[in-house]
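Quick heads-up: it's one chain on its own, the form predicted alone, in structure tokens.
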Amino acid sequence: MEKSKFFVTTPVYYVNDIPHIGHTYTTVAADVVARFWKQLGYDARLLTGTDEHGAKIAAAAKNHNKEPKEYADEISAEFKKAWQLLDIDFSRFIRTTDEDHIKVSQDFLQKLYDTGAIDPKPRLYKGLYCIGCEKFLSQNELKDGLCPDHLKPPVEHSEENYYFKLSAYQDRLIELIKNEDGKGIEVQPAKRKHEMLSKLELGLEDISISRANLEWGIPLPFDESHTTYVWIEALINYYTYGSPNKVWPADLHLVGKDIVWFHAVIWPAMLLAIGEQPPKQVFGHGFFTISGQKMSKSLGNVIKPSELVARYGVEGTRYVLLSAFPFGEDGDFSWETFDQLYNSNLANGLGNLVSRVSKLLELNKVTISQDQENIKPSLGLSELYSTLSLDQVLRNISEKVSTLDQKLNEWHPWEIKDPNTSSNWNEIVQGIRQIACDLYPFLPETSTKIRDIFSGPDVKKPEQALFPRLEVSS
């Protein structure tokens, strides 16, 4: 019997700089979601990768005295290395310089052109252009005359571009995002849905999809004197993988809140134009600030994934990232907050529980039931994963750890003459096995270790702590 599919994607990350905590947050979350649906028996696929074309990459390469492809190769490798370090189980790491992506992008654009969704001839565009964003900005998008993301004034720019007739899809997009029949696009959290609908109600304008004077990009198939606008061809990467692998449409595009518009409006319109289904869900999560400040190289507060792993280990990093604050909201990173989460929930919580129980079982030569083959994820988790309430999943697990700790403290098995005779042990061991099962998408290695420790009938205490306590200054 063919498995149901679940196809989740991260954005393709721009290779103008090496990976940081923001990229890590998105990718770990996507991995957790994919692992959960795989755990339920779905054919779950995770796509991640790098976005490698555009003026900003060409400029960065020039600054490093390298060709664009050479520079992109180096930075892309850093992303792949980071995801391998963090045990990201991706189905494919795609690059927008991959040959199949270039071909699929050109085929996609040709279909847009042939259906009349792209103007047959380029037209002159004049407007305000943010070099950092690589996109034109309207006056409504500026804050005190500055790009809100880069805090710099956009420059006056004019050139001839080909246009995609986005305005033709306004009513259909509103209908899809309202999703009153449950067959449209589920934009989450609710505030992102409201933002998209509010902006759509103001009206849509046609958008530029090409650049006339930029060589570092994918040539338009119907006019090779133009290259495809980087934001347009980058979106097609999902289709490059999803279509030939027969997992289209995407079940979830997981992105930062700043690019929800591209994924919930522009991308679905492009798909509708060529007769393809739009994604089922677009989730825009919040951003990290670092001790109250926006993360930036100039402030020297960029947190790299390797720094997190050096302090918390791979699985500790995965845990603290997703338990620190509600997924979807902005959150402020501090080492103190992450240290406290790691020590209280992992070292003193889960790790201590496993150590206490396994030590008592071994000491008293307790025989336990080996029945753990039928343990499945707890009821209600599917609903939490559907709304990406990942922090709530971890809170539920922590509550189960606390409940078992409390049961041990009330029972006092270390004071009982023959604790081996008590039925309480099976209840406690089954509780720990359930915790390990529910924890698997977040901490696959730790979950497996716990399962092995309590595989029975004879339990052996682990040789070292699952999560060594961090020594932190008070």
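Since this is a predicted model, take the numbers as computed values, not measurements. Residue indices: 1-based, along the sequence shown.
We do not show the form predicted in complex with a small molecule, though everything after this point is about it.
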In terms of non-hydrogen atoms within 4.5 angstroms, which of the given stretches 176-184, 228-236, 398-406, 302-310 touches the small molecule in the predicted bound form?
228-236
Interface check vs the small molecule in the predicted bound form: of Y129, Y241, F288, W261, the one with a heavy atom inside 4.5 Å is F288
What is the one choice in P219, P148, P326, G256 with a heavy atom within 4.5 Å of the small molecule in the predicted bound form?
G256
Looking at the small molecule in the predicted bound form, do all three of P11, Y14 and D51 come within 4.5 Å of it through at least one heavy atom?
yes
Answer yes if any heavy atom of S447 is within 4.5 Å of a heavy atom of the small molecule in the predicted bound form; otherwise answer no.
no
Y25: heavy atom within 4.5 Å of the small molecule in the predicted bound form?
yes
Residue-level contact is defined here as any heavy atom of the residue lying within 4.5 Å of the small molecule in the predicted bound form; does A212 satisfy this criterion?
no
Partner contact for M295 in the predicted bound form: the small molecule, 4.5 angstroms, heavy atom:
yes
